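Presented as structure tokens, the chain that follows is alone, the form predicted alone.
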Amino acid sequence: MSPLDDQHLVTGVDHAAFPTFDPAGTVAFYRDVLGFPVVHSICAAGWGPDDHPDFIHFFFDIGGGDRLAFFYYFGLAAPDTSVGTGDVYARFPQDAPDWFVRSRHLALHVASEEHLLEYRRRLDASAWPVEMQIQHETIESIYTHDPNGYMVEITRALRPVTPQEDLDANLTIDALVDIASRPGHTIDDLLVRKAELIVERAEKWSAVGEAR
């Protein structure tokens, strides 16, 4: 057994990467509107198999040592966007509901309401104004779409998440894993299984509490 077993070793997101067919719009949105500096780029000519196009891979600093990156492939035709919905790289059927399409998005964290509203000001003064501002559970977020059609969320915490909420989240996900393979499963099945897990684990929790 390795001494590193069961340790959380990841320190954050090095980068999340997406393709773009609009590099100028992408730079305008992330660098010029949101203020994320370009911090790295890779020009790749003759890379990969013979049919692989030349490309540039470029990165924006999004804070905390994390980066957001895009690939632009030279000579690659943009896909047909006349059929389906969603961004041009993850096409869904035309009748896919908006809430399903929007589940695929990038969320960036800020530290305060002041900072959230500053990003709202920048976006509202640009070609990509804020489409929604919502408070939900423990966060408040603004949303827009970038020049590529990706939904972008900027969010702030309304309050800290408690250890009890972390425990509840793990119970919920364990219950979901247990019932997800059942045909026709519903949220009621999840809640029943979660209650069962609470009963199963209550004795262990009590023992841990008494030992403290």
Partner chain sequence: MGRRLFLLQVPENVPIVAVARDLDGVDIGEIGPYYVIESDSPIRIDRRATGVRHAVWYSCVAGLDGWRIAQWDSDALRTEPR
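Residue numbers count along the first chain shown, from 1. Rigid core (definition): largest C-alpha set, two forms, superposition within 1.5 Å. Bear in mind the structure is a predicted one, so any value in this text is a computation, not a measurement.
There is also a form predicted together with the partner chain; it is not shown, and the following applies to it.
None of 166-174, 51-59, 66-74, 26-34 except one has non-hydrogen atoms within 4.5 angstroms of the partner chain in the predicted complex; the exception is 166-174. Contact annotation: of the candidates 44, 158, 38, 179, the single residue with a non-hydrogen atom within 4.5 angstroms of the partner chain in the predicted complex is 158. Among heavy atoms of residue 138, some come within 4.5 Å of the partner chain in the predicted complex. The shortest heavy atom separation between residue 191 and the partner chain in the predicted complex is within 4.5 Å. At a distance threshold of 4.5 angstroms between non-hydrogen atoms, residue 199 is in contact with the partner chain in the predicted complex. Although the partner is absent here, residue 17 is not a contact residue: none of its heavy atoms lies within 4.5 angstroms of the partner chain in the predicted complex.
A displacement of 2 angstroms or greater separates the C-alpha positions of residue 200 between this form and the one not shown, with the rigid core held in common.
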